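Only one chain is shown below, in structure tokens, and it's the form predicted on its own.
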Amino acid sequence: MKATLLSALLLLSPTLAFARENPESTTHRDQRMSWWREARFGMFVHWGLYSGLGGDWNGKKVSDRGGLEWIQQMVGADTYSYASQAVPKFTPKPGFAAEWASVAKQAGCKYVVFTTKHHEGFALHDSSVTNYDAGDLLQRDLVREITDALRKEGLRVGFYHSVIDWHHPQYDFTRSRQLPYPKHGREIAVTPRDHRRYVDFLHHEVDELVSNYGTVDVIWWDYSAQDFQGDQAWRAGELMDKVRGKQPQVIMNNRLFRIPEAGFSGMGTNAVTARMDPKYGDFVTPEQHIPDTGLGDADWETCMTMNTSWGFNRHDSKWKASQTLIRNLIDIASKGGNYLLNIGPTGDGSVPPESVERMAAIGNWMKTNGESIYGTTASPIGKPGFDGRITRRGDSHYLHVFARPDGGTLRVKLPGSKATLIADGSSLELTREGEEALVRLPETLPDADATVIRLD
């Protein structure tokens, strides 16, 4: 029989305590991070009770813009009113997870990060410490269905897990003025809350996720505030050590914290820094934007939507063009980052056709040009003097040309004596003027999205 709250504090084992006292070596960290740095492209999935609502509340549209995964907070609903409308509309169809995995695989993604629990507090796995989960309400373990489907396609597995919780009765929202909480839920919360009991619960749910589903490659925490973060809010150091004790190879982001040492300069999604002390996480998380010049030596990953919404919103028609998404991927790789591109499935798990179409377009481009993205590093010269971007792999540089320059010749200050058109393997005329390589382009570029030339 399930308990609704965890009754005892989970103590650190001697092994985990030792891990905290002995920082990871640079060599070991580089080995652990190597697959992620080479991947460059992953798929994000926002899916929960909000997905069935699809942007509607009481049968009316809430907004045609993003943020509808926060619909409970947007309409101010307490958790019981919210669940009464949302739960009946969350109806995962058989085989939905295989559909997700296929979309990611065909797009050329190397990993998938999906929501195990969002701010609404509903867990997609079968948890022993709550009844507000897929196991109790649907008699299914959706996390297992998803992880099995991803691994079948050879994809790495990532868990997004919210550390704030609008459902749990002991989550003390009063500790922060910056973290959101639904208005009516706030009004009816009349009894004192013991946040320590919520943190125990949080740790136990996370322990279930990292213990029961095989290898977990990424943990994507979300999120903290400047006035409530880290050890004070989540016993963050202890939580990270517990995760690494079960999953020593795991890669974790920086959102258990909101301080400069962890890559944050404020609360805004643009408020990121190039500082990333590994004890606070492995990578910085700019959201919905690409840093102008990258983030220096810090590992980073831009997460971004295809329209304006993370969770499914049937009213949001502001879709980015496939060309824009392809060029975003190139731009990010040219600055040394990863691209985590989101889909928001419907309440039954179906991927919107607009997302399927765009992921397929990226996949078609990657089939020809993937060598210019996977395993590459940032351009050694920053933005080039032509309309495009540059990536590097060993002694090869990849020139991504967005538009043919006047005169049809590219000038780049890079070494090289051979230029190859990736689209068909043909050689292009290359001459040199001092430190500059001059590459003669064909009269018509073979790819309107981005034509790639390898300079060896």
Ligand code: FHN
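In case it trips you up, residue 1 is the first one in the sequence shown, and so on. Quantities reported herein were computed from a predicted structural model and do not represent experimental measurements.
The form predicted in complex with the ligand is left out here; the points below concern that form.
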Answer range among 193-201, 222-230, 124-132, 105-113 for contact with the ligand, defined in the model of the complex as heavy atoms within 4.5 Å: 222-230
4.5 Å heavy atom contact with the ligand in the model of the complex for all of 46, 70 and 303: yes
One residue of 365, 280, 310, 82 in contact with the ligand, assessed in the model of the complex (non-hydrogen atom, 4.5 angstroms): 310
Sole residue of 141, 207, 287, 238 within 4.5 Å of the ligand in the model of the complex, by heavy atom: 287
The ligand contact in the model of the complex: residue 160, any heavy atom under 4.5 Å: yes
Close approach of residue 119 to the ligand in the model of the complex, 4.5 Å, heavy atom: yes
Residue 255: touches the ligand in the model of the complex, heavy atom cutoff 4.5 angstroms: yes
Heavy atom within 4.5 Å of the ligand in the model of the complex - qualifying residues of 387-413: none
